[in-house]
Ligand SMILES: Nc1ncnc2c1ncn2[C@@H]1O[C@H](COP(=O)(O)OP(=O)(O)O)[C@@H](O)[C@H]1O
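Shown below, as structure tokens, is a lone chain in the form predicted alone; questions about how it binds or moves come after it.
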């Protein structure tokens, strides 16, 4: 169940990290949240790090290519590559062209940026923090909130703990300073929060429950919201006229699985849950719009 409190809290956050098992519609929910917050008047930036770039398909805009692309008033989307962010950090701090080229071409630098635990993840959060502080491209409004379409829950906890890990290992220099600021930012529950996406199926719910436990035991955090996505519609009260209707049987079977898993989720997680339906729509603005209206209703914001 959800309440106006959940919606009000999401509206106040500066960074919302959306995660979930692969294939549950995490990018769709990220796009829906982006629409919801931007329509409410907040300058919103959607950020994704998946090399495949999914968000531009959902929002019907050109691929980002690393730049900020305007989707609608107060809504932008950007694709970030962690390695590019780290290279930009070198350029920003050194500034001397020949030296920058030597560092970026160095096998030591390349090995370090690829192998250092948590470094690329911390770099993404560091870029988000700088954008929120107004260090973005000229002519583009400073975002009031960033929605990060993060990797799947299998890596989600390591992402959330990455900055603190880097800060503990590297205590000085630009990387240590960045990691320290990011760790402090992510630890502030008044500024950042997490939305977990699942479906009403056994494996996604199990992975969600494991992630929730990891968040609480290792990070001392709870998500703001769990979104149960792509749920089969509730069955009609009257049975079909044809007792051998295989489509209805399939519908009843899948809905029963959904209900069983939602009950299991509710036994382990007493926080807010929003239910979004499975819709006969291809990924795109129409799907985002329909789900956005449903999510607003689920969160107590009206139709």
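In this text, all values refer to a predicted model and were calculated from it rather than measured experimentally. Numbering follows the first chain given and starts at 1.
A second form of this protein, the form predicted in complex with the ligand, is not displayed here; the remarks below concern that form.
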- Message: in the predicted bound form, does residue 277 come within 4.5 Å of the ligand, counting heavy atoms only?
- Response: yes
- Item | Distance check, residue 11 to the ligand in the predicted bound form, heavy atom within 4.5 Å | no
- Message: Whether residue 283 contacts the ligand in the predicted bound form should be assessed with a 4.5 Å heavy atom distance threshold; does it?
- Response: yes
- Contact flag, residue 35 vs the ligand in the predicted bound form, heavy atom cut 4.5 Å: no
- Message: Which is the contacting stretch out of 253 to 261, 62 to 70, 24 to 32, 39 to 47, given heavy atoms within 4.5 Å of the ligand in the predicted bound form?
- Response: 24 to 32
- Query: Exactly one of 178, 145, 230, 131 has a non-hydrogen atom within 4.5 Å of the ligand in the predicted bound form; which residue is it?
  - Reply: 230
- Item | Non-hydrogen atom within 4.5 angstroms of the ligand in the predicted bound form for each of 54, 287 and 291 | yes
